[in-house]
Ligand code: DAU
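One chain follows as structure tokens, the form predicted alone.
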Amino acid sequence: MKKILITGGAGFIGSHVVRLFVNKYPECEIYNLDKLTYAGNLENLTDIENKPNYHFIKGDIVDADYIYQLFAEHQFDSVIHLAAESHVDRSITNPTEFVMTNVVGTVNLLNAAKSNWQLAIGNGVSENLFYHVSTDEVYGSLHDGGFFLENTPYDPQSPYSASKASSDHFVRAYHNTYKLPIVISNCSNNYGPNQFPEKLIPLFINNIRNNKPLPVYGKGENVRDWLFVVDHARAIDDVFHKGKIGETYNIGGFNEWKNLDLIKVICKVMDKKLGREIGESKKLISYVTDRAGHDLRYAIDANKIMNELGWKPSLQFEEGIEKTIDWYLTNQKWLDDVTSGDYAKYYEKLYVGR
């Protein structure tokens, strides 16, 4: 049976990828490696935790010796690497943590894969694959229209995006230097169930539910391209199984929203769902000092993956955001659990205290 290691599989995007692969490929052994930091939650996977082809491993990709031991023990055939620190505000506060996880952790995985696959690679018969999942933020900011292409020059503006850009470069370097079979994908902003509520959409859903301020950076004019997380998981499946070795694929929803307009949509839907007067939640909007190095606009050109691999988004944003809000309102205990204790204090300091 093929053994696939998915790193960061208890996190937001990772849990959706793990679920898809476990259910769709029962002939494959799926190993979920996660450190279970604040953003990793095994409650995200209770529906598949007893599947015979699913295995959870608690571990840290920064521990090189442990990663080597893990590869030697399980002889993974492929890696889908999602484990990462991903919140820009946290990277501004503690950039070193992002360097360790996103750069050093990635290199540790590359070294272990290279060591275990080198014989097959040398014989030219390798069926292995190192799939690195990255972000559109590595490209920097769009100011004059246009879209990010796979060959757009990198221009990271935050410690987070710099760490992801560095990890992308290492993955390509291992392909060019050691012939390691790799693919990379760079995706736009994701939304949907199970996202840790330090990110905009679940944070604002939770704050509206609890009548807390909705802090908007600057004037709310920053533009992002949004993609429903299940569609991203489907894209990862397509790239993993049909992508060309050494290639990069941009994944996006062709679905741009200014932050302020997006927030107003969330407010309107939440007012309907909570039985409030339309417009009531908009009164919670407050404006805070803009984030340092805040990119103005991200927008992905996803034509390559659509034309070459046949993928396309399945949901329009209006449908996706309603599904998302319904999930958080139905799973209020999950939301309360992950925002309790130290996490809640962190949000208050980071967002409301500005």
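A quick note: this is a predicted structure, and the numbers were derived from the prediction, not measured. Residue numbers here begin at 1 and follow the sequence given.
This protein has a second form, the form predicted in complex with the named molecule, left out of what is shown; the following refers to that one.
**Study point:** 4.5 Å heavy atom contact with the named molecule in the predicted bound form for all of 135, 198 and 217
**Key:** Result yes, every residue of the spot touches the named molecule.
Exercise for review: Could you tell me which of 23-31, 293-301, 47-55, 318-326 sits within 4.5 Å of the named molecule in the predicted bound form, going by non-hydrogen atoms?
Suggested key: Looking at the other structure, the answer is 293-301.
Review point. Tell me, which of 91, 189, 281, 250 has a heavy atom within 4.5 angstroms of the named molecule in the predicted bound form?
Key: None of the others qualify; the residue that does is 189.
Exercise for review: Just give me the single entry in 103, 230, 269, 203 that has a non-hydrogen atom within 4.5 angstroms of the named molecule in the predicted bound form.
Suggested key: Checked against the cut-off, the match is 203.
Check your understanding: Taking 4.5 angstroms as the cut-off for heavy atoms, does residue 160 touch the named molecule in the predicted bound form?
Key -> Flag for residue 160 set to yes.
Check your understanding: Taking heavy atoms and a 4.5 Å cut-off, does residue 259 contact the named molecule in the predicted bound form?
Key -> Yes, residue 259 sits close enough to the named molecule in the predicted bound form that at least one of its heavy atoms falls within 4.5 Å.
Review point. Does any heavy atom of residue 273 come within 4.5 Å of a heavy atom of the named molecule in the predicted bound form?
Key: No - in the predicted bound form, heavy atoms of residue 273 and the named molecule never come within 4.5 Å of each other.
Review point. At the 4.5 Å heavy atom threshold, is residue 74 in contact with the named molecule in the predicted bound form?
Key: No, residue 74 sits far enough from the named molecule in the predicted bound form that none of its heavy atoms falls within 4.5 Å.
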